[in-house]
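Single chain ahead, by itself, as structure tokens, in the form predicted alone.
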């Protein structure tokens, strides 16, 4: 697989996505965006997870602190006041300062590395949209953008909208309107791929600090994820990593999508626009849950050696 860029708002499910990406892909760097928590917290969380997982060479770059045109909405009721409540990170007095240079860093990266661009975005699409609006010359080089966001049916922050698209519907709509190859993994599939309560034991069985971190984080997440059931909790973001590495795990529909920006009651709602010719966006409508989780656990096991 090629090198990838990650744009995230960690977040418990983003942390799982980050770890699986580290095990399965060459990650060139992480840009952080405000979403699950404020951007100072999401960027710090990404840095701490990378350091704990022993990837200090991967850089984190702080991006947008609010949506393109709207006040920020966060999710402390799900992720806590830190964005990663449940685990106590051991922080040295020399914790690395995180540069607030996501846009400049992406421009340097894309201008110096002339390979096709592979991008995974698991938070609001503010950073992605802002960069591409300002640097349209890179649109044609995007080989694949895998996005966790949206829903064709029922939302998770309103009856109509998924959280990431609700937070910044303008960014989501703009990105989906471009003729770039996008794979959308939304609630239609993430609510099928539930991490069972047994997962906490599997995390503990790793007998590593990464395993302890995941156990403690998801013990908190199991109590606070509003869409939890007796079968488990959706782990949303890691499915976007799966879509990049193993698109065959999913069933896809090629569609033209729009995101509601004007009617506040339906803000962030993703709908299909009929009649488009050869749309560049594919939306996941089903997932092979067993194959996905078998792969996910095998990737996490790589981090224990």
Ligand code: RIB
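Positions refer to the first chain, counted from 1. Given the structure is predicted, the values throughout are model-derived calculations rather than measurements.
The form predicted in complex with the named molecule is left out here; the points below concern that form.
Though the named molecule is absent from this view, in the predicted bound form it lies within 4.5 Å of a heavy atom of just one residue from 148, 125, 176, 145, which is 148. Interface residue among 163, 131, 119, 203, judged by heavy atoms within 4.5 Å of the named molecule in the predicted bound form: 163.
Just one listed stretch, out of 95 to 103, 212 to 220, 231 to 239, 111 to 119, contacts the named molecule in the predicted bound form at the 4.5 Å heavy atom level, and that stretch is 231 to 239. In the predicted bound form, the named molecule lies farther than 4.5 Å from every heavy atom of residue 31. At a distance threshold of 4.5 angstroms between non-hydrogen atoms, residue 43 is out of contact with the named molecule in the predicted bound form. Contact residues in stretch 23 to 45 (any heavy atom within 4.5 Å of the named molecule, taken in the predicted bound form) are limited to 36.
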